[in-house]
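What follows is a pair of forms of the same protein chain, given separately as structure tokens and numbered structure 1 and structure 2.
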Structure 1
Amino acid sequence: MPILLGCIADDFTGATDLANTLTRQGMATVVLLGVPREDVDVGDADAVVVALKSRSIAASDAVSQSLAALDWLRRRGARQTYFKYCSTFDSTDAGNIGPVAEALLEALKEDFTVACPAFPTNKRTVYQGYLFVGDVLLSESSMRHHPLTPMTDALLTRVLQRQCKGRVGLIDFSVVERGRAAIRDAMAQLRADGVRIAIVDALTDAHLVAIGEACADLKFLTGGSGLALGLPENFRRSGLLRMKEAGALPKFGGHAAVLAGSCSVATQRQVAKMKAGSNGFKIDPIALREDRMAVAKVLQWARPRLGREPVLICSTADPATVEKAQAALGRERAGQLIEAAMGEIAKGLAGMGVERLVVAGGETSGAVVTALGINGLRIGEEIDPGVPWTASLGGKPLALALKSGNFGADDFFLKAFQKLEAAHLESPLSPRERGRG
């Protein structure tokens, strides 16, 4: 089945954020990790988000990876292409937003697009082309000191123009406020004037929805995840997307486990809450270094305890303990030991029938997903804001919730499994049976 929307995201968390937004707006969405192989099966997905790591690499590499992703998406029939970058417009004068956007425009034989990073929910707004983070200009926010992409200029038309060969223009607040038709007229005027990319002001979600509507006929658009809010409705209006529960996942009945490799405050609370009444095993980097059998021992401990209720395996520790380990091993080595162990443990658990897995920690999630040979994720039910259940593609099918350290309420771990069960009680149909019209 051809996909409707093909997205290219310049980092992994941005990709899942966009995919989560699209799913909540009714599009069944899959995230693919890296430029996809030809034979990847995305099932009945309406939207595919290709997650690259192209934000801070050389512009020429970002362009070639993005073009390869575009090729794949076009072969799968994508009607519209979306280039997703950060809502703080992370880039330098060398790129990569401008060069990638222009290369994609050219490959699609299009001569105009929009650039709208605004994400009001997260307090990123654009007014007269200036990007605000909370109540300060981007150039006065902490982004000014970002180690890789320091943002010292808040005027996006100027920032983007320095990265582009074509002309950059602006559709300002006064136009956006008047809605879809006014935005469409402004786009036509700018296009006739030879502008190639227009920064678009947006202060509210209503603005983003109006801009999304005005972009219904653009083959290619660019923005943060906010601009995607209005896109599913376009496909619905044109009869291509049927109303459905897009976040439905297949049923996973196997054993449950939580792997926590984050030491962030929220994860510390979540671990403490879960440990109070349940199966827990603690690993630490010094023991991992000293005992070659450490992973085997974890798995041996877990085997008789596996079942419907989750086991918890964590390296989560307070700052003083982490500091001690880092002093003994070096920060990087300590992290690597835990990440490698979590990957091996995940593989071992999957081999013992674990099918439902919550992972806490961004780097930890990356290590687990790589060790399990997973190449994509179908987005499901949201557990807490920004953290959905997913079903893995490639490797052995698993239900996975990948949580960045500081996300989620204190009862996140237990709530996650309850939500997964409840979703299946409420919705007996498989995603395929719900299909789109």
Structure 2
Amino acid sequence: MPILLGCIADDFTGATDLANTLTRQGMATVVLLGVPREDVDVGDADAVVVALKSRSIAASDAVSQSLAALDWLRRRGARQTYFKYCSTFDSTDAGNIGPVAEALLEALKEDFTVACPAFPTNKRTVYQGYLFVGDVLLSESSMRHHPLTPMTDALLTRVLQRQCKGRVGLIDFSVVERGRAAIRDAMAQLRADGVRIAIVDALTDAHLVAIGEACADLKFLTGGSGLALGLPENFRRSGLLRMKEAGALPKFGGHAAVLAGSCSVATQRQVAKMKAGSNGFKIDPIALREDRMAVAKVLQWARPRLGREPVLICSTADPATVEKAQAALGRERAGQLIEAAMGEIAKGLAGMGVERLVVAGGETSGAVVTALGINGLRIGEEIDPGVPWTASLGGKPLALALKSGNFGADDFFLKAFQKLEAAHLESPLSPRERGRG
């Protein structure tokens, strides 16, 4: 059966965030990790999210991977294509949002789309083209210190124009506030004026629903997970979609662990909250470079602690510590060392009976699921806005919560395991589902 919505996410946590939104709106959604093989079976999924690890790689590589994902989705009959990036518009002046969006537009032979990263539930809003995080401009938030994609400009029209060959425009709040018809008229006018991508203001979920409704006839659109709020209803109005309940996940009784690679302010608070009741283990890239046994020492520390409570292993650090490591190793090398170590640690923990795993940070999540050989994810109950529990498809059966560094309340790590335990979990994955992907 052809899928209705084909999605391409630029990191793994963003993919589960988007899949969570679609699932809650009644779309059966599967996340596939990496460009899928030709023989992947997604069953009766209404939406498929292809999760790439393309946010921080070279723009040309991001474009190549995204086009490969698009080709797979088109062969599955996707009626609409969605490029999902972070609600904080993580990118540099070289990309990768603009280059990927323009490449996908060209491949689809389309001349216009929208860009709306707003996610009001998590306090990301866009007004007059400026992106706010809570009450401050993006450029004044902790994102200005991001180790890979420091965001020092909050005006999205300007940020995106630096990345794009075509013209970038704006559909501002005064238009969005008037609803679907006004937004659709504004899109038509911008298209006639030669604008290729329009940033769209949004302050509330109602705005996102109206924008989604206005985009019903667009073959391609881009945004954060919030914009997906209005898309399932378009298919429902067309008679293509019936409301579905999110499937229950199987019961996982093994050990529990948290791997935190993000250095965001939110993750720093979450690590501090969890460490208040647990010693935890702190790793840093300089130690990883100098000690070939560093990963083995982490696993040796974890082994006797498994089963008592969730173990915490983190590389989370404040901006000054991050800058020191990057000065010593280089920005890319520091990140690579952490990602490789987290992947190996995850494999070791799984071998010691860990079945419930929370991972913080998009790059860390990508490294972990790749190391574990996981091909896809089945979406379960939401823990905090934008972060669901999932069950692995392919590889060792695991319960996974892949959290964007910026998401979640201070008690997220502790709450996640409590919520999984309290959920009404029934039947395990069938052998077919375990092998899917």
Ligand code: ADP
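None of the values given here were measured: they were computed from a predicted structure. Rigid core here is just the name for the largest C-alpha set that superposes within 1.5 Å across the two forms. Every residue number counts along structure 1's sequence, beginning with 1.
- The form predicted together with the ligand corresponds to structure 1; structure 2 is the other form.
- Superposition of the core reveals a Cα shift of less than 2 Å for Val40 between the two structures.
- Once the rigid core is overlaid between the two structures, Tyr127 does not reach a Cα shift of 2 Å, moving by less than that.
- Ala68 is not among the residues whose C-alpha shifts by 2 Å or more between the two structures once the rigid core is aligned; its shift stays under 2 Å.
- Relative to the superposed core, Val369 has its Cα moved 4.7 Å between the two structures.
- Superposing the two forms on their core, we find that the Cα atom of Thr390 is displaced by 3.9 Å between the two structures.
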